[in-house]
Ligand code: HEC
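Only one chain is given next, in structure tokens, and it is the form predicted on its own.
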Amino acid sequence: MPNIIIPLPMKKTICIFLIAFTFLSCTEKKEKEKLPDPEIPYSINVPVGFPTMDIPSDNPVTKEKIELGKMLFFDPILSLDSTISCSSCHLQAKSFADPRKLSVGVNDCTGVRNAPPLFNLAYQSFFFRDGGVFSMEQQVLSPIENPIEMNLDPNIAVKRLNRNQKYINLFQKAFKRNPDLFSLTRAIASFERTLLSGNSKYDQYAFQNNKEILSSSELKGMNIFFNEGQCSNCHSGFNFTNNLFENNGIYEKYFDMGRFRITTHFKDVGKFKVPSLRNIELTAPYMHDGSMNTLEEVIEHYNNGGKNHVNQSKNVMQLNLSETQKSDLIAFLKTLTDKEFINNSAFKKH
């Protein structure tokens, strides 16, 4: 084979190319070494009898996001004076509700509505009692910036997080970016999406085929709930809510106009989102303003048929239940308590 003679200019070109290729290869290798650890996929265990959960395409669930979101949920860094966290008004032992009639925010400001429990949020289409927010990610900002709750400009919250190296590292690991509003809201929403409650005595009876678990009184109460009590007209489905807005006639005149504040339609005066009855034994006081302290008061209200407000739901009518029937109904409602949920260590503070 004849020798191939390469002209000098071409030799220089080849050498430069080889050097550049070697440099780029080394640089690429170093950059790969600097990349954060890959995200760890997380599969949410949906309770038996629950439908498939919809996860937003811009916020897939990962272990890193959930851990970060839980840390933020319990951290008062997101409030003006660093004294209030999400967990201040949402206690796990109370199904992430507040046992106070009205919650207390920074500077001892008193809220205007009873804090709702937090569970099965991924199955909700509207958030807050008047349904003013449409996504879990969006709802994160409301309590942070609300002047009677955490009272902090979310942009200042982000600046605080960016001064904390631990949080910078965690956000980089979870989102490949430093803390910002996008990642802040999606981290807390990811944690809240895992707050699933679906292992009560009723669930074990209805979905896990344990037909011996309910007592005679509880079974009678279940029959009242789904039949003559007409409770299931509004509190229906696997989550015991029709996800609509109803006026349940607790007042003749409403100081809090409810859904009207969002729609400005007169037909929505006094309407609030129908709550799930899961864990209802734990979430007193009841109603949007915490005006009823016991389940007995609640049952008595519905048994009497409400105050007949012009917008009152047609499902609220006089029931004429006996004392025994009312007791049986309450016994059934207590079968919706999920003790596994309120003791789940995955939801507890780090």
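In this text, residue numbers run from 1 along the sequence as written. Predicted model, so just to flag it, every value in this text is computed and none were measured.
If you look for the form predicted in complex with the ligand, you will not find it shown, but the lines that follow are about it.
Is the gap between Met53 and the ligand in the model of the complex 4.5 Å or less for some heavy atom pair? Contact with the ligand, no.
Report yes if any heavy atom of Arg113 sits within 4.5 Å of a heavy atom of the ligand in the model of the complex; otherwise report no. Although the ligand is absent here, Arg113 would touch it in the model of the complex, with heavy atoms inside 4.5 Å.
Quick check on Asn59: any heavy atom within 4.5 Å of the ligand in the model of the complex? Taking the distances in the model of the complex, the answer for Asn59 is no, it never comes within 4.5 Å of the ligand.
Close approach of Gly229 to the ligand in the model of the complex, 4.5 Å, heavy atom: Flag for Gly229 set to yes.
Hey, with the ligand in the model of the complex, do Glu64, Leu196 and Ser236 all fall inside the 4.5 Å heavy atom range? None of them does, since no heavy atom lies within 4.5 Å of the partner.
Between the options Ala174, Ala122, Leu277, Leu161, which residue brings a heavy atom to within 4.5 Å of the ligand in the model of the complex? The option sitting close enough to the partner is Leu277.
Heavy atoms within 4.5 Å of the ligand in the model of the complex: which stretch among 200 to 208, 99 to 107, 175 to 183, 162 to 170? Checking each option against the 4.5 Å cut-off leaves 99 to 107.
For the stretch 277 to 295, return the residues whose heavy atoms include at least one within 4.5 Å of the ligand in the model of the complex, in the order they occur. Contacts from 277 to 295: Leu277, Ile280, Thr283, Tyr286, Met287, His288, Leu295.
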